[in-house]
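In the form predicted alone, a lone chain appears below as structure tokens.
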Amino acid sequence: MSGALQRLKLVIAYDGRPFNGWQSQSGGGGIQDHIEAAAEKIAGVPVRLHGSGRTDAGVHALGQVAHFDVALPTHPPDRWQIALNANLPPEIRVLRVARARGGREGFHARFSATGKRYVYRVWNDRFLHPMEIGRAWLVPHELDFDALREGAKLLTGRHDFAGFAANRGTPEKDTVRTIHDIRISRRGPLLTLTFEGDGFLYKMVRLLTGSLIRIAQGRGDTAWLRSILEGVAQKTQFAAPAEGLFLARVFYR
């Protein structure tokens, strides 16, 4: 691209099942690949999309945020939304397009983010409802909700979450994060865990969820959870499946 550029902010929802995660893949199977291809078709030139962060294969999004730069003059944001959706698979939808506040210097989908909200859905029944396939984790065992809430309370706050993170290849230099809140609610067989914090490590929400459910099943206790949090015990290996996880919202100032 040459000349003046304008930064567009996108809010995106997707069903993660058909794709190889958010990040661009060499074979083109990432959600990022599909949106870049749609944008290039509209703009007539290659477009580089920047997301607020990665989601793994099978993980869904209700409010992923991304941006790209396009040459001026360009289509108005509402036209971009219509055109992008017309060129995307039905499992990916651009919910909103807006001019980035502050322009190219004032907004970055990843570096301007101040926090995220993730939702994990557990189906606590003998069988999984067919409408929940790919959208919830079936846990048929009886759960102790007092233990679950006690564990969530322990994990809330600012901690070193190295014991609740997987290795993506390059170890994280800083594994300290703040979880502002872990809310637990139940409606019928559907158990919902909502995590809100300033940032999350690779597979952190899935590992936290898997560990909390293990406690609720009576296979661990808060002392075990604390020992991982304090680096006394080894990393937890109990990751909840990808399909129950949703990136619900990305926060910005």
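What you see is a predicted model, and the numbers here were worked out from it, not measured in a lab. Quick note: we count residues from 1 along the sequence shown, nothing fancier.
Heads up, the form predicted in complex with another copy of the chain isn't pictured, but that's what we're talking about next.
Within 4.5 Å of some heavy atom of another copy of the chain in the model of the complex lies at least one heavy atom of I133. At least one heavy atom of D78 is located within 4.5 Å of another copy of the chain in the model of the complex. At the 4.5 Å threshold, heavy atoms of R126 reach another copy of the chain in the model of the complex.
Looking at R93, you'd find a heavy atom of it within 4.5 angstroms of another copy of the chain in the model of the complex. Distance criterion of 4.5 Å from any heavy atom to another copy of the chain in the model of the complex singles out L62 from the list L62, A37, I184, V45. Out of the listed residues T156, N167, N85, T175, N85 is the one that sits within 4.5 Å of another copy of the chain in the model of the complex by at least one heavy atom. Only one segment in the set 133-141, 175-183, 159-167, 98-106 has residues whose heavy atoms sit within 4.5 Å of another copy of the chain in the model of the complex; it is 133-141.
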